[in-house]
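In structure tokens, one chain follows: the form predicted alone.
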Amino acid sequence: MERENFGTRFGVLVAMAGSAIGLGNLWRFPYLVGSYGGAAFVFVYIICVFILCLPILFSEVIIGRRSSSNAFGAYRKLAPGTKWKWLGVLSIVTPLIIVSYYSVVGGWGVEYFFKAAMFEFTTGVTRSELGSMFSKFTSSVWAPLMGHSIFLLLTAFIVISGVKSGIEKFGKIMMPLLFVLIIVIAVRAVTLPGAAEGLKYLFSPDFSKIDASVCSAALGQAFFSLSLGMGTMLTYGSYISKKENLAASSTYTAVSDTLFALLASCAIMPAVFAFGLNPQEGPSLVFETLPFIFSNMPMGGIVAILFFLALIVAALTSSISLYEVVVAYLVEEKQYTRRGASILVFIVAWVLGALCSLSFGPLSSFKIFGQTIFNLFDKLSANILMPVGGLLLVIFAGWVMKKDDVISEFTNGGTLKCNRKISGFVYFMIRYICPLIVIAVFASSLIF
């Protein structure tokens, strides 16, 4: 069976950017900014993205295109008969874990979009009432499971449609829409009285706040947001034509992802400060604090609808890339049909996601290593599986693959003049610097 590829250069760009841009930007990044010192966290995060994570992103896409295979088959193909196949196993397990709890948060977005569409956030409800609304919703059984199911079904439908007709087509329409939505919301937020304090919080760093925990959180968020170490960029890389410039596509992805994260923060933090609220709300920031702001903001009902629509779209662009990793593995390694593989992944992800959802309610007292199932999946993926996966894949690119093969993919066989000029520096970063920095930050997070 002939393997599908992305059909156009724009399709490559929006698919890769869509994989990176998601809940990590709209839900996770803003609350981490609030929890880890505002601009100090933003400063460290940007360094992590462009100095450390971009070469790792190059590595992952290079491995994918060189192998023209799924996340498991790539290592088996490029290093046959070695134990590197276990990195392939990790690259299948990680996205399955992530998409399971990711779809739960996506389901929260679905529920809150419907609430916004019914103008429930324009009735002047109090902050405590909205907090109670969110707590009551997440701790219930059926409503969160319904949202989880709807979101996962949407993801499965897009993936079943294929690489060109599903993933690429969805990205071409939804990625431009997503940027338009978040820009409109950000413009409204920064024009609120008192919003300047929120912008100062975001862009005026207090460097004394930078410590090992901030660096670890920033690195984990960079990996999470750029979809590194989870097989998604490798899988998408395998769908990229040999004619495309991998360095340009990867750099565009990193720039788009960072820009969107900053726009999302500009849409949230100025509004938080304008209403005198605490930015350190944690994961509930988007679902408790923002609805209160919308309920007190002129034209807040419309802004709420736009925001939660953006949240759903952003979540979907990432969830389909996670889903596709496992589907590609089942289709290419186990000879499933795309439909059959998608249904199987849906069943497994739904069950795991249901456990995550119930960990806010009936299973809240069930702890593993002191963590609920949802928190365990989140911390395990962002702080361990993705950094370890990213570390191993950059070691694979720098020490296992032939240097000539890596350089050839980076420069398209030497035909890209600009890439040739920087290929030596990029390879040096991949081989020596990136592994050392990831190990150092990862070790410091465990020690401190």
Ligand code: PHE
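One-based numbering along the sequence shown. Since we're looking at a predicted model, the values are computed, not measured.
The same protein also has a form predicted together with the named molecule, omitted here; what follows describes it.
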item: Triplet M230, S321 and M386 all within 4.5 Å of the named molecule in the predicted bound form via a heavy atom; value: yes
item: The named molecule contact in the predicted bound form: Y102, any heavy atom under 4.5 Å; value: yes
item: Contact flag, S225 vs the named molecule in the predicted bound form, heavy atom cut 4.5 Å; value: yes
item: Partner contact for V12 in the predicted bound form: the named molecule, 4.5 angstroms, heavy atom; value: no
item: is_contact(A20, the named molecule) in the predicted bound form, heavy atom dist at most 4.5 Å; value: yes
item: Proximity to the named molecule in the predicted bound form (heavy atom, within 4.5 Å), stretch among 230-238, 142-150, 199-207, 103-111; value: 230-238
